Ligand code: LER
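To begin, one chain is listed below as structure tokens, in the form predicted on its own.
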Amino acid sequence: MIKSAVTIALVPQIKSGPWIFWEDLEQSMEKAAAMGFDGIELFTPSADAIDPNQLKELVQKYKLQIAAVGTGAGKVIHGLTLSDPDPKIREKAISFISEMISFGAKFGAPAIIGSMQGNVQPNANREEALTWLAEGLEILGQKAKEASTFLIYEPLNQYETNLINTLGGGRDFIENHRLDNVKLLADLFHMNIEEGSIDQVIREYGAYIGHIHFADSNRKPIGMGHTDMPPIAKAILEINYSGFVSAEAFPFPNSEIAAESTIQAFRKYFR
């Protein structure tokens, strides 16, 4: 069964980003549970920013799952990416993500690599950057496997990375580098920019999809942009997807309305 999730960000440096709830973890979880979400996608400054025992209590109290944990703070706060030309920075990036994998695995949640994939730097070698990214994903995929979870790699749009922008590109990258235990994140906002037919792409690469970000063409909650959602939802159902559909969208016009709009859209298309 497809499960619903809503994003909660606890990183002040990314407060202008596309996350529904902010700052107060328990209050956000209480609201998410009251609205009927199955889980939360969590963005923290580091793996030790939240006491796992405290989070375990909150998860049990509000009957929510941890859908995934984001790693973007590694880039935003520390400037770490997997494709940096400096091997010491790449090593620190792998270490940061490894700690997030271990944190998420305590709750059966995979870690997401989005912005921490980085970019090909000016005057740098693209093939080298992709090799460094593959080396990092290989190590981290194995780390996730040892922790009994999987790793999620997210193709981002061309305005956020010049590495891999489409699901097809992500699939080819996984296959060409024989990356084990790495799945793709299908983000509907990024796909709206980069893909031709979103529903067709989802059908074609459905076997590789491990997580879905639920946001409209303008990155507001579904229904507030021009994304043609019915055929996309039909494709998601047809590939027998059983993971989370998670709202990584702007809290427009505010967190509560954005969350309520999201759960209503989720029920319309998936329940």
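The structure presented is a predicted model; accordingly, all values stated were derived computationally and were not measured. Quick note: we count residues from 1 along the sequence shown, nothing fancier.
In what follows, reference is made to the form predicted together with the named molecule, a form of this protein that is not presented.
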{"query": "In the predicted complex, residue 154 touching the named molecule (heavy atom, 4.5 Å)", "finding": "yes"}
{"query": "4.5 Å heavy atom contact, residue 136 and the named molecule in the predicted complex", "finding": "no"}
{"query": "4.5 Å heavy atom contact, residue 219 and the named molecule in the predicted complex", "finding": "yes"}
{"query": "Touches the named molecule in the predicted complex: residue 180 (any heavy atom, 4.5 Å)", "finding": "no"}
{"query": "Output flag, 115, 160 and 190 jointly within 4.5 Å of the named molecule in the predicted complex, heavy atom basis", "finding": "yes"}
{"query": "Options 182-190, 120-128, 85-93, 137-145; stretch whose heavy atom lies within 4.5 Å of the named molecule in the predicted complex", "finding": "182-190"}
{"query": "Any residue of 234-266 that, in the predicted complex, places a heavy atom within 4.5 Å of the named molecule", "finding": "248"}
